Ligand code: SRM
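Just the one chain here, laid out as structure tokens, in the form predicted on its own.
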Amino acid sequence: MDKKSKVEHIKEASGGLRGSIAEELANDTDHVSDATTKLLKFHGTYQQDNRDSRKERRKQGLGKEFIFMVRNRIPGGKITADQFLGELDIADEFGDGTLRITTRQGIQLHGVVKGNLWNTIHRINRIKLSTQSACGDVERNVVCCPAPLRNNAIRDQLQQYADSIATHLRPRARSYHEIWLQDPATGDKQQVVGPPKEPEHDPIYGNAYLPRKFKTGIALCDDNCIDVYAQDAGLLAVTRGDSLVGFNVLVGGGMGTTPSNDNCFPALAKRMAFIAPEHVLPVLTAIVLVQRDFGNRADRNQARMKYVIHKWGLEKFKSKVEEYLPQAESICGVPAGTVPRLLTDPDSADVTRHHDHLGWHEQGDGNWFLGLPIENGRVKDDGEVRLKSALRSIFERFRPSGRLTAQQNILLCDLAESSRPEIEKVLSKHGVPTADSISHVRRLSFACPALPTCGLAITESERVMPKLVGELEAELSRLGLAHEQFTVRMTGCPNGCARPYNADIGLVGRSVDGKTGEGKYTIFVGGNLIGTRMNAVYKDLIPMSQIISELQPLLLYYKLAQRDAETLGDFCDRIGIEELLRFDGEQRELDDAAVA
């Protein structure tokens, strides 16, 4: 049997994810132990430190400035006005005063010190949200198209599936409730009930949970706004007219990688089967059980489900899922034989389009929604752009519901048409850009948080992306390409949480120059807007200051040789990396000759 990793032993000995969390929260230190950091992830929080302050603190003889990131689990990104306002209040009181909308339709709060961690998570639950399983080796936040288009019932049906999957695949342990929710009768931080003598039985996760995180997403063929092929398990809705007839089940997606390890790679999911709508929970449960029992528990770099499928092949994986269906039916409480023991091959339906849902749209029920771009998902007041204040004003005055998107934007929903002029005035007064006032490339770009808080970050990402996009805007305008639509995604490390590996242009942090401190990036090209194709390495270890100049020949080639309506990613895929680099070399020779 393979040797288990350290994390596996921590999970098994945790008593249902309890460990010593409660005791360490109560002590007067500014951080928690390594074992507790691993368990806290299941409760929705990561221990980090402010990496900007490390050098100065070392000079002063001080240790790290520990802080926590707290992440909400919000299935499908649905949030009420009171909940969004509550998140703003919590960020002001306990965090760094900002919110960050995530690429999985959640909200992160940053800069929470340990002494405020209990209050932060407790208050999130008070506004009827949760952080449980927003992180950790379990089902993460279930993503789903957020657009409240009600001309037919399909999108609401998909949101209902997102809710039921999230509820069904949530850990059964009572530890979250015990640790973070106080007894109303006492008014203090006492646990609601004492820990059980034996950990609660969890028929899905057992006592060691999954080998690694697990992500599920639901999309429409004509609207893959959640990157369904990037999920461990994707449900692609197959429709006939206004009716949902079933789902194509996709398995084995995942963006994380370790470039120094040839056995690690990002992957798009594979098309496994077509299932009826009523079979969703048993089939998903069987998939999770297979990953639980056969995922790699010795090497966390090899623990995602994509590696099981890569090792076995899709047909063996599918057969194993079929083998687990009786157990899954029992867990779901449905009669034996509900799901056919031989799963049907996928329907021919596939992804064809993508929408970002920005701008004003009729909902189909007499109301409107406004999709508002939020650069890199960061909700803050910054100089003349007072986004946070504008959103507070709109949620307080107009009481919209909200939907968070997988592009880190927000939809303000259920608005009366008569409110449009006043909302636009609020946005203009606060200097908030709208979809029609920004470039296509800015609209379709986003970055991960990276420095200074993420412990995995190698280079900058969120803090440099706006300037980089500005430089790219200038180059596209110079070449007459400003009208083109393509994705640009940046991450500060190869783990890929901003999904850079299926973007038209992906920028991935790789190293830092030891003398200048400048970040160096791998440039990937050739993905696509609809998220169905991986990109490829174009150039490696490019300093941040040279990224645009390194892209200039490629963009010029695109302008000269583009076919009708061909996107940048499609062009790069058709031409191929070798030819792109040949053209690049020719252009540089011409430039050198001109200088000489």
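Note that the structure is predicted; figures quoted are calculated from it, not measured. All residue numbers are counted from 1 along the displayed sequence.
Keep in mind that the form predicted in complex with ligand SRM is not shown, yet the notes after this line are about it.
Q: Indicate whether ligand SRM has at least one heavy atom within 4.5 Å of a heavy atom of G246 in the model of the complex.
A: Heavy-atom contact with ligand SRM at 4.5 Å: absent for G246.
Q. So, in the model of the complex, is C144 in contact with ligand SRM at a 4.5 angstroms heavy atom limit?
A. Although ligand SRM is absent here, C144 would stay clear of it in the model of the complex, with no heavy atoms inside 4.5 Å.
Q) So in the model of the complex, does any heavy atom of N495 sit within 4.5 Å of ligand SRM? A) Yes - in the model of the complex, heavy atoms of N495 and ligand SRM come within 4.5 Å of each other.
Q) Any of the heavy atoms of Q108 lying within 4.5 Å of ligand SRM in the model of the complex? A) Yes, contact at 4.5 Å.
Q) Has each of I79, R170 and S401 got a heavy atom lying within 4.5 angstroms of ligand SRM in the model of the complex? A) Not a single listed residue reaches ligand SRM in the model of the complex, so no.
Q | R212, R155, K318, H357 - the one with a heavy atom within 4.5 Å of ligand SRM in the model of the complex | A | Only one option qualifies, and that one is R212.
Q. Pick from V469, A134, A273, V351: which residue has any heavy atom within 4.5 angstroms of ligand SRM in the model of the complex?
A. Of V469, A134, A273, V351, the residue with a heavy atom within 4.5 Å of ligand SRM in the model of the complex is A134.
Q: Have a look at 275 to 283, 512 to 520, 471 to 479, 496 to 504 and name the one stretch with heavy atoms inside 4.5 Å of ligand SRM in the model of the complex.
A: After filtering at 4.5 Å, what remains is 496 to 504.
Q: Can you tell me which bits of 39 to 65 touch ligand SRM in the model of the complex, meaning any heavy atom within 4.5 Å?
A: Residues within 4.5 Å: Y46, Q48.
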